[in-house]
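Same chain, two versions here, written out as structure tokens and called structure 1 and structure 2.
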Structure 1
Amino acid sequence: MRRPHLAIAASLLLVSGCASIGADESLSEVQTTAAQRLGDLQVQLNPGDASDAVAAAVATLLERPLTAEAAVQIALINNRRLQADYAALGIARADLVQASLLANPSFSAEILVGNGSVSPAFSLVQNIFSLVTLPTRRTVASSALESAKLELGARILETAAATRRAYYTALADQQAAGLLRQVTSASEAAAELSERQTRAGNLSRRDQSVQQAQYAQAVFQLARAEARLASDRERLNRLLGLFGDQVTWNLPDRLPEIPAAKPQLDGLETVAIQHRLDLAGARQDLQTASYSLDIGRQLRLLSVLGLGIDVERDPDSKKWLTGPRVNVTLPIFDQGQGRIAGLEAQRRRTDRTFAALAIEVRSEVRETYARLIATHDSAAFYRTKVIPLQQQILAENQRLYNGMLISVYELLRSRQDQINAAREYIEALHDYWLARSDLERALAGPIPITPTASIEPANPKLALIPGDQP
């Protein structure tokens, strides 16, 4: 089911963008291709007359805590660089229109003066060569337009993937910074207590220095985490095209948990080969280069073929003489050797580029899949083993402290250890969602999931976010 906030944005964009979609069939095809890989998300050109509707849609999406899907939706409709990339499609369409036009006829006039007489002459010549090559030139330009469509589609998917990565990074930073605030608060309490105990003579200066050093280290780590969070929020702002009051958006409290099911590697390489738009674009570039080479070979000896008519006034009879005119270039010096050699080199280049990209796509799928499985297992291990053990240690130390068998510093230290384990779990979750985003980018679409054994559910009492207490 489509999420409500995405449905709102989609409806606003469809209302504002109907005219622009209908006016550009090529852009509509790109939008359809991208939408097939992005699900409910809308890909929309933002013309000047639709800016108010886009701003309203963005404001609606920012009203509640930002989700990954909402972030990607905003980027697809509001990223200025992506909007600028749409112009490349207009350039390719203009090249197609130009390739469909005949060359203009040439007109010349001359006046010969001699022996007391004036003899004017006129000629009109049409370059038939442009007519002969019109279908082939249009074929090449059409192929180039298809390449531009695929390149733009790949750019859209890259923007979506980059936005997801930036979103999960910012969310992980926020959650980690919240936990560090807890660590800093606990360290500050320990440092203040140690100072009071030292003044009372119940604690040595050495032990007090240890507590002060731990507090200083916690303050330093928190400052670094907050700086990293601010930087990553701005990186996400750039991808979303936000500025001014728009940058005050909020994030959820925590990263989503890992899903229970893990994908299988079988068939993923085939999915990528079939769906990757950059690979399809490289294949189209190869076809364009082949068209250009075939045309160049067929017409290498002919560059000008002009047919026309000459009109000249005979100075003796004072009558106008009319006759046909033919202009043909003689391939004596230039037989297109350099041009054909360049086309052949371009054909070899695109062929090898396509082959190399196909190999890289397969390798990328295997690499990101292996990383996804490793991060999935790491996050599951932390959630089901490490975090519960730290919770048990804290509970046991709390019991011992209540019985006056350990000091408050040991209890605070176990609390810090539990929070640090939660931070490491957040890092594991962050790594998983980045790996998942990378695999989706490698596949140019969602990951097919084959259900496997579910992981053990986590203890719902675990303190993993700011504000939770053991």
Structure 2
Amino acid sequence: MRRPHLAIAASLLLVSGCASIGADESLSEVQTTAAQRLGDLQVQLNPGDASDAVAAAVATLLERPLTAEAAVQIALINNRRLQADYAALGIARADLVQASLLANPSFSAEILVGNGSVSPAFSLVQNIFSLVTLPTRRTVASSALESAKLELGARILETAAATRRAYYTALADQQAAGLLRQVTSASEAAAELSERQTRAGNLSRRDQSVQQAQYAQAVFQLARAEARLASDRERLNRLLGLFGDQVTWNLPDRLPEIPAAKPQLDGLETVAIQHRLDLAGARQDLQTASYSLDIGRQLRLLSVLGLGIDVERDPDSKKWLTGPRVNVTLPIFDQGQGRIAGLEAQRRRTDRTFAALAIEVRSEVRETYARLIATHDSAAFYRTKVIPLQQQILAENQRLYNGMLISVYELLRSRQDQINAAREYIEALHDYWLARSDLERALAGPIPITPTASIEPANPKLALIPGDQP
């Protein structure tokens, strides 16, 4: 991965400085977790303030052709949905504060009037049950806060992954549209030549119509590709939170080539199990449910335990009587059976959800790994075999054309075939970068590459001749 440009790093620092004014430590914890998992990418989270600094940083990042890393950086500081999710962290934190507070004491007063006398009575009761359960409630709430942090971290990684996917798709479609423009240009030239031939009386209207129809087909294909590209850009605009003048960003000319090395599967599942934040979140949910169940069990018979003092004036003696007051619910009808059953079920559910997610994560790693290898092989095959073959065919056709052995139409068609092979290569490369994004998402982090890794292609037909390794 490329190191961010100095100016970009500076703008990000500026954002972080401003953002830290209202930042709470949970957010910076999440930021650290996410940064660890996004490789050496500089991560700055922005809860939504410092809009000028953010806009400046975004503008700097958009100045040059957008890279995948820059796109992710913009998404993390500028995606409004992510900012909304940061607020969820505030909710969980507020819940924790709330859970740390004592219940208020209750005061009651009564005045009995009758028989010529007035009897006031007062009681002050503190529900000490809440005092007893305060530590456990705090435990549950801070566990919930941990869950919220992990969930937010997972959201950040999801956003980064979605941004990468959208980025590579937009870039691939932009490149394909460029190639289709060339195809269209070739068709247009052929159509115009045929029109000139027909005007001179050298080509039948039928044959000329065939050329025109091919041109029309190319124009249609190009229009479709351009519409697709417009959608791609909008998807990226949404992820990057861009609007107005900001949407005129540029992409580089071409997708990055595939790297030489292929990762190895060994240990990847373990990496994923260790790093996946959604899995950690599920584990935390299980923890929270366990705490809740424990508390529920401890206090199943008791829901109110009030201790207080009663003051009452005796109507006969006119004296004030004072005495303690105990307020207890009697577990005769409700012994918390339903609540405990519910908490048990909740715990079971979180337990199974966690187990299911762990299995899914492992499978996801294997699947995306296999896809990465397959797409790597396909892209390498296209680059080292198919593309040179098409170039060879075109060069030979040019020679044939030089000798008046084929027509200019065949030559132009050969050029189109070559361009179409390049489009298929772009598609293969696109598949590769999507697979790579997906594997990174599955691992919740960068793909560890063993430099010596040499993996045989899964499909032996894609085996490259020794010596032309990409």
Partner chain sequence: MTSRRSFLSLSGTMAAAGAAIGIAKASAQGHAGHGPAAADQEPQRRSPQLTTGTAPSAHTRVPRPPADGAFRPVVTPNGSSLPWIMKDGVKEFRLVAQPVKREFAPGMVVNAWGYNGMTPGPTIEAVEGDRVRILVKNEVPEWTTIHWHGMRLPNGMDGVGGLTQLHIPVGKTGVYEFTLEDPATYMYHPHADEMVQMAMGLMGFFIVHPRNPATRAVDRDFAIMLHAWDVKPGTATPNVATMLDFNIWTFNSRAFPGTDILAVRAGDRVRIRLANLSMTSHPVHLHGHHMLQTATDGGTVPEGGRWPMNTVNVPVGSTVDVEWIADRPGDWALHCHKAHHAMNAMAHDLPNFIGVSQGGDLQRRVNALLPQYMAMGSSGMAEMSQMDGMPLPPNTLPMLSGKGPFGPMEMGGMFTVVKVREGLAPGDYRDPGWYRHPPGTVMRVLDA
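The structure presented is a predicted model; accordingly, all values stated were derived computationally and were not measured. All residue numbers here refer to structure 1's sequence, counted from 1. Under this definition, the rigid core comprises the largest set of C-alpha atoms superposing within 1.5 Å between the forms.
- Each structure shows the same chain on its own, and structure 1 is the form predicted on its own.
- A movement of the C-alpha atom of Glu364 falling short of 2 angstroms is seen between structure 1 and structure 2 when the two forms are aligned on their rigid core.
- For Asp377, a C-alpha deviation below 2 angstroms is recorded between structure 1 and structure 2 after rigid-core alignment.
- Once you line up the core between structure 1 and structure 2, the Cα of Asp232 stays within less than 2 Å of where it was.
- For Asp207, the Cα shift between structure 1 and structure 2 is 2.9 Å when the rigid core is held fixed in the overlay.
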